[in-house]
Structure formats: C-alpha cells, structure tokens
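Only one chain is given next, in structure tokens, and it is the form predicted on its own.
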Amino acid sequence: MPLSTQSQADDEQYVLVASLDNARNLSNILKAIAFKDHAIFSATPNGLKVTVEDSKCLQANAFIQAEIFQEFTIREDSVGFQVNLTVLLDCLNIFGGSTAPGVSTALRMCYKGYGYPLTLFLEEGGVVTVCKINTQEPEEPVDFEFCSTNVTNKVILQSESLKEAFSELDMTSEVLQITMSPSQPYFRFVVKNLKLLSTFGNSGNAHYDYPKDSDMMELFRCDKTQTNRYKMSLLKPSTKALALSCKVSVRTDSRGFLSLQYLVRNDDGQICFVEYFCCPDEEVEE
C-alpha cells in the first residue's frame, strides 16, 4: 500500500501520526458527534478524544482507543488542536465512502504541531490524495463535573429498544422528560415498557415505560426517584450515536445532569465509545 512506504524520517517531523486501513472507522464515529462545525482533538498515548459542544449546555465526546489504529504514534504527552469537523468529514469521504465489500479507503493522519495543518493521506485503489486542513488553538472544553461518585441513577439498555422509542418520538417537541425510580415506572422514556421518558409537544404527551426486568435492560441501578426535563433540541444530535450503537448507558447525577454513553462497534468489530452530556432544562418535583 503506498501509504505504508512513507519513510521513518518523514514520520519524525510529526508529533502525531495515526493510520487506519479503513477510514470509515474514523468517519463513522465522527459523524455521531457532528452537530457543530468545529471539533477539539485531544491525543494522548491512550488514543484520540474528539469533543464537540453547543452553548455550554451540550457536549459530545468520541473516544477512539490507540488500539483501533494500525499505527498510533505520539511524540508528546498530549497533543491538541481544533479543526473544522465538516471539512474533515468531507475529506475522509473524498473517495465516496464506499461500503462495497473489499473496498476501503486507507488513512494516514499527521500533525506537525502548533500552527501547522492537519494532513491527511488517503489512498484507495492505488490513488493517493493529500488533504491539508487548517488547525486552530483548541478551546478548553466545558467541565460538566459529571463524576461517578455523584451518579444517583444508572441503566444500561440494548440500543434497539431506545431506537424504537426515538423513532416514535415527536422530535419537534420542546422537552423530553426522563423519570428513573427504584419503583414503578422504573425507567420512563416515551417508549412502551422502558422507563420514564415523557415528551411534551403540540401532539400531546406520549410515554414509554421500561420495566427493570425487561430483556432489553442489562443493568438497573436507581437509588432515588428522579424526574428531569431536557430540551429536545439538545438531545436530538445524540440520535446519530444511538443509530450506530449496540448498547447505551443512561446516567443522571444529583444535579439532574444527563450522561448518555454509547457503545459502538466499527466495521472491524472493534469497540469505540461516544458520550453525550446534557444539562437539565428544569427540575420537576413529583
């Protein structure tokens, strides 16, 4: 493969080099958080974290472990930059993003450091294209201070159950209400036999309850009854990650902040994670 013939001397000029035999393994996970133009890239020896935010009310993080890449070399403790995510995705799909069996686009992503562009070498069928994307100094992501010690309720569900629920939701509604409780309704999320997610909109109320002993429920841990409302406009982008995922963890903390963690398998069966944080619209006293 032409991309593999780059010399070691070429690599030494970069502080970050990441290679994939299938660029879709990166582009698909980035699409799951592509609801704003710009993304913050943070690389460590453990892998790549990509963050997208909206108005300090919503944050999405995609985690791509170093083991996912065929090559992942970082010459500093951490490397960070900000790029236009829309442009990056366009480049990653420059060959059309074919899903045909045996056809894939190889990727070599290189970064020299502060002030330099992010350079992509993309190869398919012996044709190599080089894309250079301007980078910016990364902004500091919002710290939602969502820590496991403050988590009051947590459920893990097979994603199919939530996909069904969201497909029936009126996404034009303004608010999504989630109730998690040690007793009935357990987990209500506007889908029959789930938990407590209630939508309020012009079309009226709809809700779905998930029993804690449902086949779709892999873990149910609720310490107290909690009902919170979230703006549907903030949650809507997370449906991109839901569509790709096979499991989802729903957590709330004592402040009502929501964490949605999605387990995503790429084309090669490897596991990546996408996490959304969302602040509550208002607290509902039951």
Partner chain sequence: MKLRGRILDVACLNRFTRVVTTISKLTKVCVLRLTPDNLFFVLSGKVANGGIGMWCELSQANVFDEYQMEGVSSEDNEICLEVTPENLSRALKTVQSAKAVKVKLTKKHCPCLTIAAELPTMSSTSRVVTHDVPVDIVPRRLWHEFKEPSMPDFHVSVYLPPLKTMKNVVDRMKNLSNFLVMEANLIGEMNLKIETDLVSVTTHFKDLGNPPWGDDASQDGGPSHSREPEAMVQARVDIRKLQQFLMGQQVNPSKAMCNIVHERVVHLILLHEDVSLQYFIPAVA
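Please read these numbers as outputs of a predicted model, since none were measured by experiment. Positions refer to the first chain, counted from 1.
Omitted here: the form predicted together with its partner chain. The next part is about that form.
Chemist: Given the stretches 106-114, 159-167, 212-220, 131-139, which is the single one in contact with its partner chain in the predicted bound form, using a heavy atom cutoff of 4.5 Å?
Modeler: Looking at the other structure, the answer is 131-139.
Chemist: Using a 4.5 Å cut on heavy atoms, which of Glu76, Glu174, Glu71, Asp90 is close to its partner chain in the predicted bound form?
Modeler: Comparing distances to its partner chain in the predicted bound form, the residue within 4.5 Å is Asp90.
Chemist: Would Asn84, Phe95 and Val127 all count as contacting its partner chain in the predicted bound form, using a 4.5 Å heavy atom cut-off?
Modeler: All three within 4.5 Å in the predicted bound form.
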